[in-house]
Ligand SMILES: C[S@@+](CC[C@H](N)C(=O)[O-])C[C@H]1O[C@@H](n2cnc3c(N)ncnc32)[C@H](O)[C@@H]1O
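Here's a solo chain for you in structure tokens, the form predicted alone.
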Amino acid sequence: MIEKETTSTFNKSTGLPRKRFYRARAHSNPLSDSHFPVPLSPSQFDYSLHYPQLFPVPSDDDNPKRIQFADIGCGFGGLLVALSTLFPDKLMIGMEIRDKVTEYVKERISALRTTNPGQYQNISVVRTNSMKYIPNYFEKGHLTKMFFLFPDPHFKEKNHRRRVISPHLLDEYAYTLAVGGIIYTITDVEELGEWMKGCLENHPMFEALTEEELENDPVVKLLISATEEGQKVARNGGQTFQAVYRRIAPSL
């Protein structure tokens, strides 16, 4: 009897996981209760589980390295992978609420580390609800970059409270961002783009980057090219609406 060939979840030529085995709903309700482990405080986050080559033992307090970039709702991890080689000395983490998507990113990073020895050791992913647990992961002034790329638009007005950029959530993001840190947002929904820009513009602890600064920032170019959603918009000839703002010290 001939045994049936088992379909592998990994691409034989690249060694990377296949997305079709990890597909999930495009978005998830951030206000619903989900069950996953969350550190009680940033000091209890185990770096050795996420960056084992850089943190060979748990709770290595003597290691000065700390996460500096956070990709909120990281999707399939395209931006993390692109940023990893662009900023090899920076630790980064993707935060994703969907379990299958998180598992894909974990497998993707593991495969990249295997096929590229010494590389991609600075990126990881965690399944969590960033709208609830950001303070559990990051201290005051912990981050230098935060990314919110193609978030759920929550079109209905009654669901605007679910949007990941809002006045009260910006207070939390301002707390975790160091002065001079940058928030990057982009969407293909014009109304949401105006909403995010308006929230940032009206917040006293953020100011927009100038056109010259945007032009000279290599990260801005990745907002579309590095993500699955951005590539899809580009293929379809769609528009995108971005808002990139710097964390500033409050005026006295």
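Start at 1 with the first residue shown and count on from there. Only a predicted model underlies this, so the values are computations on that prediction, with no experimental measurement involved.
Keep in mind that the form predicted together with this ligand is missing from the display, and what follows is about it.
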Contact check in the model of the complex: G73, D152 and T227 versus this ligand, with a cutoff of 4.5 Å between any heavy atoms. Do all three pass?
yes
Partner proximity in the model of the complex: S130 to this ligand, non-hydrogen atom cutoff 4.5 Å
yes
Is there a non-hydrogen atom of I97 within 4.5 angstroms of a non-hydrogen atom of this ligand in the model of the complex?
yes
Counting only non-hydrogen atoms, choose the one of 89 to 97, 138 to 146, 109 to 117, 175 to 183 that falls within 4.5 Å of this ligand in the model of the complex.
89 to 97
